[in-house]
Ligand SMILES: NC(=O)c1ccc[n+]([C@@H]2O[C@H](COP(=O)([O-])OP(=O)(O)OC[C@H]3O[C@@H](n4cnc5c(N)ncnc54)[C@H](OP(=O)(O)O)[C@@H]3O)[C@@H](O)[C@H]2O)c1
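Encoded as structure tokens, the following chain is the form predicted on its own, with no partner shown.
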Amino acid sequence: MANYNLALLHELKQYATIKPAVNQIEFSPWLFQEKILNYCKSEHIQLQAYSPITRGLKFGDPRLVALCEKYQKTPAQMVLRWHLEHGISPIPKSVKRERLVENFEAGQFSMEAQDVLIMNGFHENFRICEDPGQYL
């Protein structure tokens, strides 16, 4: 399923006979939907993130740049690693081989817990796509 917010997830639980395996939503450090993340974890629903790297629009964020310097990683790698640290499956779009390789390398390092928390604090309700909840 896709774009199920917390209200829809609660509603679904009332009538669904089969629990969903995945909920695909827009998710990034700048759109940290923590309540949905926690709910999905508690219900054993895998959260999958589309637009996880914000089309690169937030790569100049000084807080991210500082973390990139600390870890010697690219902005995309840091953001994808942040998703992985939360147990989220990010699905970044890329058609360039070098970026695909770069993205896969996000799985080859770990972040310190305090740095994950720092990135959690990036939240500013920044969306790439329209909020699907606006139509409810």
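In this text, all values refer to a predicted model and were calculated from it rather than measured experimentally. For every residue, the number given is its place in the sequence shown, counted from 1.
Omitted here: the form predicted together with this ligand. The next part is about that form.
- Within 4.5 Å of this ligand in the predicted bound form, a heavy atom is found for all three of P52, V95 and R99.
- Residue heavy atoms within 4.5 Å of this ligand in the predicted bound form occur in exactly one stretch of 44-52, 29-37, 64-72, 106-114, and that stretch is 44-52.
- In the predicted bound form, at least one heavy atom of C129 sits within 4.5 Å of a heavy atom of this ligand.
- In the predicted bound form, at least one heavy atom of A76 sits within 4.5 Å of this ligand.
- In the predicted bound form, at least one heavy atom of A2 sits within 4.5 Å of this ligand.
- Among residues of the shown chain, I91 is one whose heavy atoms approach this ligand to within 4.5 Å in the predicted bound form.
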